[in-house]
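So this first bit is one chain, no partners, the form predicted alone, shown in structure tokens.
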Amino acid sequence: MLASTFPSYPLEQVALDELLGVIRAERALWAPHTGADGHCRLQPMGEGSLPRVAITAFLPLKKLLLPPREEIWSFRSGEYCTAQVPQAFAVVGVPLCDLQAVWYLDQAFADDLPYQARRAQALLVGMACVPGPECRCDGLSMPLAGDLFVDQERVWALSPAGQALLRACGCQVSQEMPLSWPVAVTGKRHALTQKQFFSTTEAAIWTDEAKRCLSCGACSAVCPTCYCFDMLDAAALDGSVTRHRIWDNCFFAEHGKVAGDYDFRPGRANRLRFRMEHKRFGFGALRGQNSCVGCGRCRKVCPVDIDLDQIAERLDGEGGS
């Protein structure tokens, strides 16, 4: 169970079709959809009812809040222009672990104007899910973002915007209740202290796992809390300049390189250890906050089955030797 409570209403008091209609009238609507290839993706939602079960999309919600490529500003005809404010949108059918991930991104990009502009336009509706074999979620690892949460019995208002929507649909008397967190099939993540981790710089497992790692970066691309990016300026012959922010990846060889061709993280073993440090112990202002929400995407997508929990278990067993 989550430590905090939220205003909640019995599901029979909520007209879900009316709620969906109110959302659809004001926003572009997105929802997870499983295609013919068997992969679930966030897609624009056409006509239809509100889904009742959350499905983990192959690419997480961050693709809408921190797009793989977005224009930050441009300079044309002697005029400096900021990027346009995005259209208001809603995402329905979001798993609870992805709402945690959005909370983490909200902290990491608290002072980032393009991110905050998109975030202000987003309405997030979480739903109960059925954990898969890769899931290792934990309701106490970090708070939730989002606006509404729907399960088979109740609807919760997670934000003032969510509360206003429910009131607009006729819900008046609420009860403060915690959310029920799904029980992960494979249990919790393996615990590892910072002291244990930082005593393992020379541990053999880093070399062993690096020999298998392809440096493809798939794990970071699908991770809902990975947010490394690069800035690219494109200058045209007419004098116009456009700056884009694009996803970067800590597994790419160029990621740690700086002027003079110095590399802060040469070799795959260093890059693998850096990613695990970031996931387990946070980064920058969020140092100490585990950024892994246990969604299992990285385990599912890795072509060579590298598992950070298995690495943590081995490091713990070796005592950092």
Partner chain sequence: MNHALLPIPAVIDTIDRSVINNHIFTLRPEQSIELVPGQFVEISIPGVGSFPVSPCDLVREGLISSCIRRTGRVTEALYYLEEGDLIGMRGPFGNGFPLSMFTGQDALLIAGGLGMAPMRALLKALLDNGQTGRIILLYGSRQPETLLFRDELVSLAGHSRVDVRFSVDFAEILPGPCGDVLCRIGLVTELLADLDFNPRKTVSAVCGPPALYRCVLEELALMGLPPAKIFATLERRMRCGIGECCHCVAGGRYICKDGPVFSLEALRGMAEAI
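Every value quoted in this text rests on a predicted model; they were computed, and no experiment measured them. Residue numbers count along the first chain shown, from 1.
Beyond the structure shown, there is the form predicted in complex with its partner chain, which is absent from this document and is the topic of what follows.
- At the 4.5 Å threshold, heavy atoms of D230 reach its partner chain in the predicted complex.
- Using a 4.5 angstroms limit between non-hydrogen atoms, R245 touches its partner chain in the predicted complex.
- By the criterion of a heavy atom within 4.5 Å, N270 is counted among the residues contacting its partner chain in the predicted complex.
- Interface membership of D111, defined by any non-hydrogen atom within 4.5 Å of its partner chain in the predicted complex, is confirmed.
- The listed set S199, S180, Q116, S159 contains one residue whose heavy atoms approach its partner chain in the predicted complex to within 4.5 Å, identified as Q116.
- Segments offered: 235-243, 147-155, 92-100, 164-172. Contacting its partner chain in the predicted complex at heavy atom distances within 4.5 Å is 235-243.
- Contacts of stretch 70-85 with its partner chain in the predicted complex, defined by any heavy atom lying within 4.5 Å, are made by I72, W73, F75, G78, Y80, C81, T82, listed in sequence order.
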